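As a starting point, one isolated chain is supplied in structure tokens, in the form predicted on its own.
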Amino acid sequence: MGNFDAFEQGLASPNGNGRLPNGHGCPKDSPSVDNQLKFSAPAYTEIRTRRCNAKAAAESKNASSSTYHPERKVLLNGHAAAAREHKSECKPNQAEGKLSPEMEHYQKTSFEEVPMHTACLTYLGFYLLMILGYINQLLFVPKVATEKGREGYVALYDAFESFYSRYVYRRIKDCWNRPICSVPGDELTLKDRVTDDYGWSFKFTGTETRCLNLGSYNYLGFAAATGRCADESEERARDAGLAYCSSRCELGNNAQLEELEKLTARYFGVEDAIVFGMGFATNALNLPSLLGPNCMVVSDEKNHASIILGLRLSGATIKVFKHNNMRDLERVLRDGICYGNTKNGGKPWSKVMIIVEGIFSMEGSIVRLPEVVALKKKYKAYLYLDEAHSVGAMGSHGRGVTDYYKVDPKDVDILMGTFTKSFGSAGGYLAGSKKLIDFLRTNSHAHCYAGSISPPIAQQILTSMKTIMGEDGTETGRNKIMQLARNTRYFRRRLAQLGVITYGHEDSPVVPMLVYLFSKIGAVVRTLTTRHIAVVGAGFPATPIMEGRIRFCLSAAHTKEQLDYALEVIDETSDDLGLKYSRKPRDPNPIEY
């Protein structure tokens, strides 16, 4: 891959990065620094292809006529100005109900197959990387710390994982774990870093790059440094401090958390709820409390790592069904119940549980909840629904996929979700019957041993949830839900019109764009960064080997001008890098916003 941290030669300056030592493009004493943040050159070199020179000339010629660019956007107190509200009516994020759930799913969900030649090139490229890695490992000593005095010890780390991290992932390591120094709103600020040793280590350049943010889970735009949420959280921190330094069962319980649990139960229309300080732990530490060795769990093959870890810790028998495939789900349920626990002589299971997600975070697909509920009732199984990505983002009231499909939330035995995405905060919750929640208050490891939610974090959740529910006396929450639905449909339809392959449901704000080749993940992330767009790439082992992708996450904070700018850059990048794999017919008509 080589070293991608070199700046353009024409940007040479005293500190070697085209910017003055203060990290901005103007003198330290300049009055404009206080009012408007300037942007430095990103720490990447754009992929040079047949169109780049012509594109750069066109950009310089038409710079003044462009409606939006992150670099030219005026910032207020170091943060993006509030997005303009569109007053025209838009359709809520809601299942239409005109067709059966099965037909609506197939009509609105897309999983276009990879072209054969692209699949072959993807495998070939990946195995070539592996071969080059093994050659590198044989000929050169890696720049990693080695332990001494460990003769006779069993290897602490898996050999393949260590190899993969050093010789495959390292080549595009600069595209992940990128530090930011701002709130992850509609825009964010990246801290520029460079590597002088091909990804073994990084160092900061002292400069920053302002980017349009298409990578954060800020679905409703509550992640902001100004506004009611930020003000009330700040006030709460001054009054109650930053942490209780204790679990809920000891000295960490308080009236604020009890209010949050009551509000959460009322928000979802169930009897009770319990909240935790970490979303991942909500799954990983509570599933072992609900399941045991004589339980059977039927899990979607695309479920999150936190669910997988929780199921492994529980000791339950795990049976996996094909992603969102109701026929396969019924087959697994039927066979599992008919044959019983084969490890225990075929005796009946003490408990059968179906576990699915509302929106699958890597696929962008939405669970076929009405059909899952029907199968749950038919086979008398429990249903555990992870709404980490769907709560706030789905349904006309923002209550998740139960709201989206108008399913009675009491038909779902255990509602799980996180506060880290739509609410712009941290933590997670479980909601359901009072009997269930009382059991968890006694038996949950996350409740009994983990620290309780920080006061300002809890306040952020309370304020944002009340805003979504309309209890603040405004239409802000409803407007955010509508804006997210509009942005999602517009962005997905425009991408389909460009000819790229996207996965998932047309109402899902998680939009994976398939790039397939491992090398193209890095090329796209780096090129978009040079155009001031921050995105997230995903590849093996997070995805199958031949399904590398760029994952866009949309927000209610995004404006049409921002989305149009991103789509224009994606169009040019897709032409340059050959990403227009789709063989579907393209809509020739303009896509309305």
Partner chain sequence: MAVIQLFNEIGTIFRNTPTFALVLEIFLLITVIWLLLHKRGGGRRRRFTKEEEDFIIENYEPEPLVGETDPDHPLLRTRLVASKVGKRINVDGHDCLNLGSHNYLGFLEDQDILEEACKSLRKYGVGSCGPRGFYGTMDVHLELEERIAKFMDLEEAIVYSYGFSTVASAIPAYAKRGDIIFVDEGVNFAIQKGLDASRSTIAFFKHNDVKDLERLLVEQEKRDQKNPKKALKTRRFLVAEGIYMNTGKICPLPELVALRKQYKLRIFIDESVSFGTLGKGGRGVTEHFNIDRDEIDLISAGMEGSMATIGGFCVGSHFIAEHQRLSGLGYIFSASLPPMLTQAAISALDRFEREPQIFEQLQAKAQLLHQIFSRFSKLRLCGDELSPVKHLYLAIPGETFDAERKRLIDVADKCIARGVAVVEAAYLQNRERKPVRPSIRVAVNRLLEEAEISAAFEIIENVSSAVL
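In this text, all values refer to a predicted model and were calculated from it rather than measured experimentally. Positions refer to the first chain, counted from 1.
The next section is about a form of this same protein that is not shown, the form predicted together with the partner chain.
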(message) Taking a heavy atom within 4.5 Å as contact, would all three of R266, R492 and G578 count as contacting the partner chain in the model of the complex?
(response) no
(message) Residue-level contact is defined here as any heavy atom of the residue lying within 4.5 Å of the partner chain in the model of the complex; does D408 satisfy this criterion?
(response) no
(request) Please run the contact check for R248 against the partner chain in the model of the complex: heavy atoms, 4.5 angstroms, yes or no? (result) yes
(request) Report yes if any heavy atom of S365 sits within 4.5 Å of a heavy atom of the partner chain in the model of the complex; otherwise report no. (result) no
(message) Please determine whether Y449 contacts the partner chain in the model of the complex, using a 4.5 Å cut-off between heavy atoms.
(response) yes
(request) Using heavy atoms only and a 4.5 Å cut-off, determine which of L132, A225, A374, M326 is in contact with the partner chain in the model of the complex. (result) A225
(message) Quick check on this chain: which one of K466, K108, K191, K322 has a heavy atom within 4.5 Å of the partner chain in the model of the complex?
(response) K191
(message) Among the candidate stretches 400-408, 158-166, 467-475, 480-488, which one is within 4.5 Å of the partner chain in the model of the complex when only heavy atoms are counted?
(response) 158-166
(request) Taking the partner chain as it sits in the model of the complex, which residues of 554-587 have a non-hydrogen atom within 4.5 Å of it? Please list them. (result) none
